[in-house]
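In the form predicted on its own, a lone chain appears below as structure tokens.
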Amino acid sequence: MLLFKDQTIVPAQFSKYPRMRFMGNKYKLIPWINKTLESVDYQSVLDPFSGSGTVSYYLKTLGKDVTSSDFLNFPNVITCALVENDNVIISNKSINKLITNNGELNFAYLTYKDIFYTYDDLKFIDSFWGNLNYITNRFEKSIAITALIRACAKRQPRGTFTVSDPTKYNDGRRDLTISIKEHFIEQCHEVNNAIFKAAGKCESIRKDVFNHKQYYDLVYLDPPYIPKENDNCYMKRYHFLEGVSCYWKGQDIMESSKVKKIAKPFTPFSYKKTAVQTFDKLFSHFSKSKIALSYSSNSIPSIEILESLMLKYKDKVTIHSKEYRYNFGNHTKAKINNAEEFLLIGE
């Protein structure tokens, strides 16, 4: 078992999960979530806003039947490698093939030169995608792309892609001084180390939340919220990771954007005019399942509104709370870093 600083115990396997700087990442909250969900009886669980995959992986370590999903591509790639995958690792032979230089592709270099990374970094990304057809196994391919996603995130200051100035937020950490190629090799081994055979049945799919079947024992919800200040746009922060996860295939790149962002896909959770009715629709859609909703006091609508909406479909709603300091995503708004994290459980 793994003992956290607050003396909470979670499965030891969870310590192997490759952590990632990601807005809303629940890694530090896993002990609290673990303790809170102990009273809930469930085996099958849906995580339809999987993000970095932390909660899905944690649920896998508990032996649950996990369906991990997101409407973006790169979270699906990550959970394919680490949640659905039981025993496939990427071989040294495949790694060596992927890091072999070739001149087949040049999209990353032509699009992002003088914006992100060095010439060698961008040419490595192009070369990687030129070599990827060498790998035919779905899980081995997902490990390779996951390692590339993580390499790009670690090489970029703060792991976000909102600014193109390489000196901004550069504190001289090793992650910012070694190449994407070097990061990639390290991340292949780190992802390999985190792979284990599940006791339950696990799957990773890319699907909108409302297109999932309506019954699971438990649905864990961590949708995008409307912050009271700044914004919650994942595409603005992580557009490069989304693009590199599919080599920008089918993506609408905003040429007028200084950092060549990908057009933001619409989600009704992100707008004040649609948020309340969307949460109502969400709770109605999963009314046959137990619901656990992660939420923050920094968000709109209020926790009281969400409780009243959930009570329309549940006999009982229990609100659990924990003081929590957000150190990522609100760096220019320090006054709202201190927040209360909620977990609403409807049964």
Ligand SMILES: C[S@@+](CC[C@H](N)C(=O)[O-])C[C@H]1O[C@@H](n2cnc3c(N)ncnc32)[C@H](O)[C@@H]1O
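Please read these numbers as outputs of a predicted model, since none were measured by experiment. So that there is no doubt, residue numbering starts at 1 and follows the sequence shown.
There is also a form predicted together with this ligand; it is not shown, and the following applies to it.
Novice: Name the stretch: of 128 to 136, 115 to 123, 262 to 270, 142 to 150, exactly one has residues whose heavy atoms fall within 4.5 Å of this ligand in the predicted complex.
Specialist: In short, 262 to 270.
Novice: Please identify the residue among Leu72, Cys80, Ala275, Ile95 with any heavy atom within 4.5 Å of this ligand in the predicted complex.
Specialist: Answer to the contact question: Leu72.
Novice: Consider Phe14 of the chain shown here, and say whether it contacts this ligand in the predicted complex, taking contact as heavy atoms within 4.5 Å.
Specialist: Phe14: no, not in contact with this ligand in the predicted complex.
Novice: Closest heavy atom of Gly159 to this ligand in the predicted complex, within 4.5 Å or not?
Specialist: Taking the distances in the predicted complex, the answer for Gly159 is no, it never comes within 4.5 Å of this ligand.
Novice: For Asp208, is any heavy atom within 4.5 Å of this ligand in the predicted complex, or not?
Specialist: Contact with this ligand, yes.
Novice: My question is simply whether Tyr324 lines the interface with this ligand in the predicted complex - judged by any non-hydrogen atom within 4.5 Å.
Specialist: No.
Novice: Let me test this: is every residue among Tyr58, Thr61 and Gly200 within 4.5 Å of this ligand in the predicted complex, going by heavy atom positions?
Specialist: Checked in the predicted complex: no contact with this ligand for any of the three.
Novice: Residue by residue through 25 to 48, which ones have a non-hydrogen atom no more than 4.5 angstroms from this ligand in the predicted complex?
Specialist: Asn25, Lys26, Pro48 sit within 4.5 Å of the partner.
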